[in-house]
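Have a look below at one chain only, the form predicted on its own, in structure tokens format.
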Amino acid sequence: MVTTIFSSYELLSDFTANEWINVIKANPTATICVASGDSPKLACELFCEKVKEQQIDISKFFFVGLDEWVGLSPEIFGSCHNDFRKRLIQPLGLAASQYHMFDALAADLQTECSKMDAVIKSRDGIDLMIVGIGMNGHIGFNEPGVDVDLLSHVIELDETTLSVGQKYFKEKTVLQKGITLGLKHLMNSKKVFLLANGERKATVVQKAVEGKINNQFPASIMQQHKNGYILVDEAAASLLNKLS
């Protein structure tokens, strides 16, 4: 794992977008998994801009959505599906054959998990995963105490996630479970970028980078990823004592 500090969120996001472009240039059929949420938002915007400016051929690249709130329609503002559609699918004009996301309204969520795992396996794994970190150390909906050997799964959401998650919605929304790629997917990914910015993320970044590796703080597993990168701005890095 490597930790890199940027002077601003904008530079962090620009670096991420450029690296995303480079992965696709090197492998036009690359499979990219991206989180929704605030941290990757600007990187997604910049990626879309750079694709158009540089006329990058994205006709063969494949997008995978990291997670979703169980029971929410993809039309609801604040759902991960809604974010992905606005941030990537529509701006890039992706064909339906170029992406796969969880159906959080499916009658059989275990089948949804199996479908996602099968899609990823069929594409020889994930080439680049871009994620954020929650205030409880979660990545996706891999909550404290999660089994690190799980692939896609359904999970009860931690109280912190339920509370913080309300910020994504225009009105109070009932949240209980999440459906998510597992930490085994993260560890199997060829490259992982974990993005964090702002002073409020300083404590969790410090735990992820310098804390004990355990499933009570899921992001700490990044320390074991051979091609994992923690990308943070100066505010989020303010409590770090050393760099890997």
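Numbers for residues come from their place in the sequence shown, where the first is 1. Everything quoted here is computed from the prediction, not taken from an experiment.
What follows is about the form predicted in complex with fructose -6-phosphate (F6R), which we do not show.
Per the 4.5 Å heavy atom criterion, fructose -6-phosphate (F6R) in the model of the complex is contacted by stretch 164-172, the sole one of 88-96, 120-128, 164-172, 107-115. Using a 4.5 angstroms limit between non-hydrogen atoms, residue 219 is distant from fructose -6-phosphate (F6R) in the model of the complex.
Not displayed here, fructose -6-phosphate (F6R) is kept clear of residue 205 by more than 4.5 Å at the level of heavy atoms in the model of the complex.
Contact check for residue 185: every heavy atom lies farther than 4.5 Å from fructose -6-phosphate (F6R) in the model of the complex. In the model of the complex, fructose -6-phosphate (F6R) lies within 4.5 Å of some heavy atom of residue 200. Residues of 47-67 lying near fructose -6-phosphate (F6R) in the model of the complex, listed in sequence order, are 66, 67, the criterion being any heavy atom within 4.5 Å.
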